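Only one chain comes next, encoded as structure tokens, the form predicted alone.
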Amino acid sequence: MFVLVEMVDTVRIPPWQFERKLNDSIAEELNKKLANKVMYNVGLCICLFDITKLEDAYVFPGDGASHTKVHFRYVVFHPFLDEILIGKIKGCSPEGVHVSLGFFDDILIPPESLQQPAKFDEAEQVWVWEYETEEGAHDLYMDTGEEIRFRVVDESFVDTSPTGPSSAEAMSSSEELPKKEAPYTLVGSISEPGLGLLSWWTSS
């Protein structure tokens, strides 16, 4: 679920921080810049793990700050495909079951990846597994807040860097705001034995 990623960056330290230890200042600046940010094709940055190398620091004309090239390792949330995770159901919609890990919410289990047969209850706004037994079908509801075990089957990165408006957008009405896309999303599946709500598989 978490991986260490080697990175290189040039860190600017303002003059009023020169009295501090350089490593402490650099660590603070890196966490300010990266923590809780999604890096394209890398994952969700969590926190600095360690600094592996500091190159020479430079002060450029007209800028009293120091600039140091830093080699470091960062803890990143980036589960591998087929990894099994446990989260909580954040909600349900016709698009599927939305799952949260607490620190990461952009997880969707689409209808075709649920335990089958499944149906969406419009009144309750929940997905239901119609579990077949010898006595007939039992409805097992996927309620909000329930813990759910799922397999990661796909991921998607979207470049959300700011771009200038295209000529077509400029001519169209400015009233319509574009839908905000998540920079990093996971697609899960529970369509196999042992996956789904933890309460389904615990012995009574």
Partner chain sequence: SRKHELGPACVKCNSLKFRRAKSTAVCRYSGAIPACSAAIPACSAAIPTNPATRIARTAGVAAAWRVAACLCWRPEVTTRVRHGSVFQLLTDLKEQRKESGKNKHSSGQQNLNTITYETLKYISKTPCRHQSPEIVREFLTAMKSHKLTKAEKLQLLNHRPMTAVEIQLMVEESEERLTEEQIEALLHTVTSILPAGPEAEQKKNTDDVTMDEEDPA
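Fair warning: this is a prediction, and the values are worked out from it, not measured in the lab. Residue numbers count along the first chain shown, from 1.
The same protein also exists as the form predicted together with its partner chain; that form is not shown, yet it is the one meant from here on.
With the partner removed from view, the residue among 63, 143, 55, 28 that has a non-hydrogen atom within 4.5 Å of its partner chain in the predicted complex turns out to be 28. For a residue to qualify, one of its non-hydrogen atoms must sit within 4.5 Å of its partner chain in the predicted complex; all three of 2, 5 and 83 qualify. Using a 4.5 angstroms threshold between heavy atoms, residue 46 counts as touching its partner chain in the predicted complex. Its partner chain in the predicted complex comes within 4.5 Å of a heavy atom belonging to residue 20.
Among heavy atoms of residue 94, none comes within 4.5 Å of its partner chain in the predicted complex. Taking the partner from the other structure, its partner chain in the predicted complex has a heavy atom within 4.5 Å of a heavy atom of residue 195. With contact defined as any non-hydrogen atom lying within 4.5 angstroms of its partner chain in the predicted complex, the contacting residues in 22 to 44 are 28, 31, 32, 35, 36, 37, 44, given in sequence order.
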